[in-house]
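We begin with a single chain expressed as structure tokens, specifically the form predicted on its own.
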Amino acid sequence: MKVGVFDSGIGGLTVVKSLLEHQLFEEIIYFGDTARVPYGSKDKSTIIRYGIEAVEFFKNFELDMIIVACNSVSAYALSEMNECASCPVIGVVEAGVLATANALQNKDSKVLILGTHATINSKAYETGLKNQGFIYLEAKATPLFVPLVEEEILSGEILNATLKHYFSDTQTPKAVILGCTHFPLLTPVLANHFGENTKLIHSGDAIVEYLENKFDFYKQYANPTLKFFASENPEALRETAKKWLNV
């Protein structure tokens, strides 16, 4: 099977890493819209337009499916992308909701949703979790995490100050949804901050769980073909991929 993975920047590589670990695809084609990152500050119509343009890019390849790694695009543009695509377009929001429901048997558990302003304002996670029976939900926009990850600031004083800024008044939840594909790079510091009793829901792991439940994968691919494209400075994306994915 051949899959396209779309993200606003480099964060979607965390989803690619999960796909590689589970050996689901023979070929993975990644497109990062690095010229226009971040999407989290964009309005709905702009995000939809960018999502449709990504589908047009992927029409250069014969894909079995497209995975939208960007939570903001998954929240706003999935139906429009599916309308103009010749293969299924699958987003990470629904996968994250289902992964949270599978991880927490007690629907009275508090869930903290982190994301960009666009993702949080969409209320997509809250709607999905309420439909699953969850009541105690807190959604918090944490956009400063995106440039920190882009600059590879994954520890230290600046990051610690940002954690304090966002979470000084936040009660410890049972689960934290990392509603942006950049955020899994901050897993060690977030896990340390919230403690071992808090589950972190990772978009990459969630989408793998979702795909394995929805599709039949008859073969594993230990050495898939990887192709990386970007709307700006593709070489920088490829260098980042080498570091994050060890490819």
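On a predicted model such as this, the values are computed, not experimentally measured, just so you know. Numbering starts at 1 and follows the sequence shown.
Not on display, but discussed next: the form predicted together with a small molecule.
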Within 4.5 Å, heavy atoms only, one stretch in 31 to 39, 212 to 220, 51 to 59, 185 to 193 touches the small molecule in the predicted bound form. Which? 31 to 39
Should residue 116 be classed as touching the small molecule in the predicted bound form when contacts are defined as heavy atoms within 4.5 Å? yes
May I ask you to check whether residue 67 falls inside a 4.5 Å heavy atom distance of the small molecule in the predicted bound form? no
With heavy atoms only and a cut-off of 4.5 Å, decide whether residue 207 touches the small molecule in the predicted bound form. no
So, in the predicted bound form, is residue 146 in contact with the small molecule at a 4.5 angstroms heavy atom limit? yes
